[in-house]
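Only one chain is given next, in structure tokens, and it is the form predicted on its own.
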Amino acid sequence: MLEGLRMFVEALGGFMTPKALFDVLWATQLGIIVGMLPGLTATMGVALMTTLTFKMATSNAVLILICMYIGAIYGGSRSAILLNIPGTPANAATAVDGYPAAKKGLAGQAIGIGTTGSFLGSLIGMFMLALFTPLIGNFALSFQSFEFFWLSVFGVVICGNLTAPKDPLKGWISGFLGLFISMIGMENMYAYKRFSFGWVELSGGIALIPAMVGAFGFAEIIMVMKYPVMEVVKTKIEHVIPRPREIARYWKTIVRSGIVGTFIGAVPGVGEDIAAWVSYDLARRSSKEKEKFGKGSFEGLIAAETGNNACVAGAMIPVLSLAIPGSAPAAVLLAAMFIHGVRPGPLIMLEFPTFIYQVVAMVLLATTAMFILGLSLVRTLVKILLVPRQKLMPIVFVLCMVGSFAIHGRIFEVGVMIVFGIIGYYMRVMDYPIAPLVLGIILGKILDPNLRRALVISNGNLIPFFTRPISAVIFVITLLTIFSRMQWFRNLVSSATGGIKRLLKRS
């Protein structure tokens, strides 16, 4: 514990330079703007920013991306409160009580309460990140190729399961499509070209960043034409900074939402939107003022904002310890870490022992900047919501083009971005989630070599995949995750549970 505290203090001190602090301020501010503009999600913001940090030093690049991530998740609360349209999916629960409060003339107070909840939630998540990541990382050192294979499959399955709640099959199709795409190009064991069809450009495979920028950014440009015109709520912004007693009365809600948000974030593939809704629901169930929820309740507002911001740090726990993202923006952040030479996963405690505490320090700096900027620039930032999105999309398109081209300097990457943008658009139209696709492309680089390495170790024997203790546990959890969404399995569990209850009553 003391050693971890020492490394955290050293990491925090390393960022106490004018350049690093300036990066924190502008990146967090840009993240807030991206988050508050409907149509520009946190995932797209981190993806576009990744292309601009390609030649930066690793620590500076990751610092900027984390500031963008935290700022965007918080920024979405502005449009949720003032427009009743969440800037990001994570802020959907915020709109339930934030917008009614704004219509009552309490927009300033609502923004102040939401900002404070975001700040406290992020601090709770940061503490959990510092506490649990080293523990999970040390445990994961016992993983071998067999376990990495099932871990990759589990990541795709759980992400598809939770990002497509209505039809999990669509989520799984999206995830395994990403795995198949990652197999394109020259494999790394025997340099054999797979699925390139004689096309030289495809021999190098599909680069993650152009595919990701296209699926999230260019697809959003196409989708934005379907959005209706929005108007900002005409209300005065006053009394933004909340009084201490206004926050203190909700301390139980804040602590509960922070813990719940962090643990939901640590579940691969769930994301900030689920964390916000679960936190909101728990707050409503335990509240003494249930009748106020949905009508401008500050308790519901602070629960949603605390939960979704705590989820940000929680989503980084599996990123750092297992190389499996807890949310879509975390998947992009994971990709950026690989691009900048950091290899998150079970070996991070050996290869990059101080990096975890650097990330914790980055979260603290970004959270502090979010709190200061969020309370000090309310009136100025609200005016940005008046900018028509039709004027923003050409700028986003230029960033997509430049970012895709700059990585390898090939027009082919621009084509990849456009193709994946079209694919992403039609996937959204048909209600297929994008996050499992990107996660599949990332995890395919882990699944493929570990599968073949495990087969070499076992001389082609598949039995160790199912008999090794950790591997068997992950396999069983993966199966249960799949079966849990099937009606026949639910009926079976319900019948078995009912039978056990009857036996207990008789006895």
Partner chain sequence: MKEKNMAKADFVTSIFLILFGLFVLYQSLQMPRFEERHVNPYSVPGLVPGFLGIVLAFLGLVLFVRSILKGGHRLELTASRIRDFFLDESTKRILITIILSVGYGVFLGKIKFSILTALYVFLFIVIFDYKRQKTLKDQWKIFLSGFIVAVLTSASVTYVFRYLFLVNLP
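Numbering follows the first chain given and starts at 1. Keep in mind that this is a model prediction, so the values were computed, not measured.
The protein also exists as the form predicted together with its partner chain; that form is not presented, and the subsequent description refers to it.
For the chain shown alone, R452 is a contact residue for its partner chain in the model of the complex, at least one non-hydrogen atom being within 4.5 angstroms. By the criterion of a heavy atom within 4.5 Å, L131 is excluded from the residues contacting its partner chain in the model of the complex. At the 4.5 Å threshold, heavy atoms of F143 stay clear of its partner chain in the model of the complex, well away from it.
Though the partner is left out of this view, A248 does not reach within 4.5 Å of its partner chain in the model of the complex, counting heavy atoms only.
Taken together, the three residues M183, L399 and V414 all lie with some non-hydrogen atom within 4.5 angstroms of its partner chain in the model of the complex. Of the candidates A92, M393, L282, L202, M393 is the one whose heavy atoms come within 4.5 Å of its partner chain in the model of the complex; the others do not. K226 is the sole member of K104, K226, R379, K295 with a non-hydrogen atom lying within 4.5 angstroms of its partner chain in the model of the complex. Checking 422-430, 313-321, 345-353, 119-127 against its partner chain in the model of the complex, the stretch whose residues place heavy atoms within 4.5 Å of it is 422-430. Contacts of stretch 186-201 with its partner chain in the model of the complex, defined by any heavy atom lying within 4.5 Å, are made by E187, M189, Y190, Y192, R194, F195, F197, listed in sequence order.
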